[in-house]
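Below, in structure tokens: the form predicted on its own, a single chain.
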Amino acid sequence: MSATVAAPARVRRTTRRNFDQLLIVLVLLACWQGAYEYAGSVAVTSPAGTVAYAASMLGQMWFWGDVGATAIAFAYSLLIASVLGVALGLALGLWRFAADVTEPVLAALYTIPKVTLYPVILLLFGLGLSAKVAFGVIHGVIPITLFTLSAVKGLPPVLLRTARAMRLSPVQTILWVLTPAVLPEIFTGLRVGFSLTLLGVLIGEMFASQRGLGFLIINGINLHNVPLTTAVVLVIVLAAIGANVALLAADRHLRRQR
């Protein structure tokens, strides 16, 4: 009986959620069209014009070369930020005193505007892939660390006491106790780190590269090529939304499984 009652409720929730999402999209498109009508093509292209330009751009080999450059830098950045962030979060969470000391320091460091670090990054890594990867890592690693650290600190103390009673080593405690217990929270941190790492890579390409989607954006701005700039931004936004929807679905699945 309860399953019969719950099914229509789920359908109503899904329908309402889909309607809300459609309404948000329509409002954004209306605002975009309104901005075009107000400012004209010198500032922004219309939604229809942007979609048409983006469609033609997707058929050009030069565009996919820039997509590949961004994808490679982003893959390296996300891998480094994820491994380093999760490892730091788990290790610091295992030692509570170190976590209490380090957490406010990391939070304070993350509030520093990243633009102030760009000259240092450029001097250390120069122009090219390494600088883009560094930009991406410094944007993504601290949020992933903080999410993981916060998840470990929120665990019931009995888990760590049990691990000590079983005489597990720190590495065994991290692998067999902490990681499975906080896996959904770790995935949430990775989902947030995904977006911030992508942002860092794109900004890095604006300052420290001559290839990639970020370079196309800044090059379009410098040449006052409004259709190119708007179309590239649209492609990035749609790709990021699609990736985040998939990651959010996986996040919810992990939480239901737990």
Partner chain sequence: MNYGRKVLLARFALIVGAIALLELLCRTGVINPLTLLAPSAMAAAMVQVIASGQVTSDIIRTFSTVAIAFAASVVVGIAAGALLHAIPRLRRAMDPLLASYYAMPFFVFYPVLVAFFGLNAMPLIAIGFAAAMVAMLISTLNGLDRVPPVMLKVARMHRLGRLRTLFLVVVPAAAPSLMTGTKLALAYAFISIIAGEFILSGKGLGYQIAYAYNSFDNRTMYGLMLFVLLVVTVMNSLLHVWEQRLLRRRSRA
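Numbering follows the first chain given and starts at 1. Predicted, not measured: the structure shown is a model, and the values here were computed from it.
Omitted from view is the form predicted in complex with the partner chain, to which the following refers.
At a distance of at most 4.5 angstroms from the partner chain in the predicted bound form, none of the three residues L29, V67 and T188 contributes a non-hydrogen atom. Only one of 90-98, 74-82, 164-172, 177-185 places residue heavy atoms within 4.5 angstroms of the partner chain in the predicted bound form, namely 90-98. Within 4.5 Å of any heavy atom of the partner chain in the predicted bound form lies no heavy atom of F147.
Contact annotation: Y53 falls outside 4.5 Å of the partner chain in the predicted bound form, judged by heavy atom distances.
With a 4.5 Å cutoff on heavy atoms, R252 counts as touching the partner chain in the predicted bound form. Among heavy atoms of S195, some come within 4.5 Å of the partner chain in the predicted bound form. Residue A39 is the only one of L223, A48, A39, L58 with a heavy atom lying within 4.5 Å of the partner chain in the predicted bound form. Residues of 109-123 lying near the partner chain in the predicted bound form, listed in sequence order, are Y110, T111, I112, P113, V115, T116, L117, Y118, P119, V120, L122, L123, the criterion being any heavy atom within 4.5 Å.
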